[in-house]
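Next comes just one chain, in structure tokens: the form predicted on its own.
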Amino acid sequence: MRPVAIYVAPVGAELIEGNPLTAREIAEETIACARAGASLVHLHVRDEQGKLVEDTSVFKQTVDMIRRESDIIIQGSTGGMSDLSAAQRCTALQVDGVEVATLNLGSTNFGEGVYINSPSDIRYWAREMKARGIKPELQIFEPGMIETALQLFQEGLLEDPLLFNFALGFPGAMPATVKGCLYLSELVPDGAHWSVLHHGMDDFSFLAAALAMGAFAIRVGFEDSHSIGGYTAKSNVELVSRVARLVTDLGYRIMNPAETRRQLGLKS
């Protein structure tokens, strides 16, 4: 039975019912998601209104509360469309307990806006992660970004095993299609891991296809979508529980945090 990791991104930008915002709400939701099968949680530094901020106080409280009750892998973010500087966008890296962080590998259109990630900023974030012993998760919105990752690897800013995440379905960027995912997976070098998120998904069909293509992990959560087959999930736990059932129904085995750490070569 091939092992598969489940990631959860619990905090959405929309202030909808069930979307956790306070430190306690996020921590409790994360702990429950871990019990339901998630081995990694993706967190932004946000205030209690959901806005991206530089202040890490709520983020630190959240991490501390999670750590007291769960060994789930905590992933910080250097992303999110905002007016924050490159340094402000990576404040999550300064918080103890963060083991993995997102590294966006290029700029792309998001709806009517432009998500800017310049080469100099990308190298800055990569150096910060390497200095702190944090594993970069390489965010791929377009095929050319994989070449950027391979260039950073040649420069010594990234280390094996490389961890890619295909972030698909954002308006204006690469759509979440089976053909597109297959193409990206074929560009990934041997020995690397890749996962997928489907922004704005209505059901799990694309995630199921990604599993069939060999995905190391799939991601769900209110940051990506709160829909399951035509109705709105009441919580992130519901999403994780449903996708966990999908994984096992397809004949795969769900990895726990300890096994996921070993697969990713994390030092913790």
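These figures come from a predicted structure and were not determined experimentally. When you see a residue number, it is the position in the sequence shown, counting from 1.
This protein has a second form, the form predicted together with a small molecule, left out of what is shown; the following refers to that one.
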Next item on the list: Tell me, yes or no, whether Pro171 is in contact with the small molecule in the predicted complex, where a contact means a heavy atom of each within 4.5 Å.
Entry: no
Next item on the list: Consider Ser195 of the chain shown here, and say whether it contacts the small molecule in the predicted complex, taking contact as heavy atoms within 4.5 Å.
Entry: no
Check: Does Trp125 reach the small molecule in the predicted complex, with heavy atoms at most 4.5 Å apart?
Finding: no
Next item on the list: Answer with yes or no whether Phe164 is in contact with the small molecule in the predicted complex, where contact means some heavy atom within 4.5 Å.
Entry: no
Next item on the list: Report the residue, out of Gly80, Gly144, Gly180, Pro119, that has at least one non-hydrogen atom within 4.5 angstroms of the small molecule in the predicted complex.
Entry: Gly80
Next item on the list: Using a 4.5 Å heavy atom cut-off, indicate which stretch of 107-115, 154-162, 92-100, 186-194 touches the small molecule in the predicted complex.
Entry: 107-115
Check: Can we say Lys135, Glu259 and Gln263 each have a non-hydrogen atom within 4.5 Å of the small molecule in the predicted complex?
Finding: no
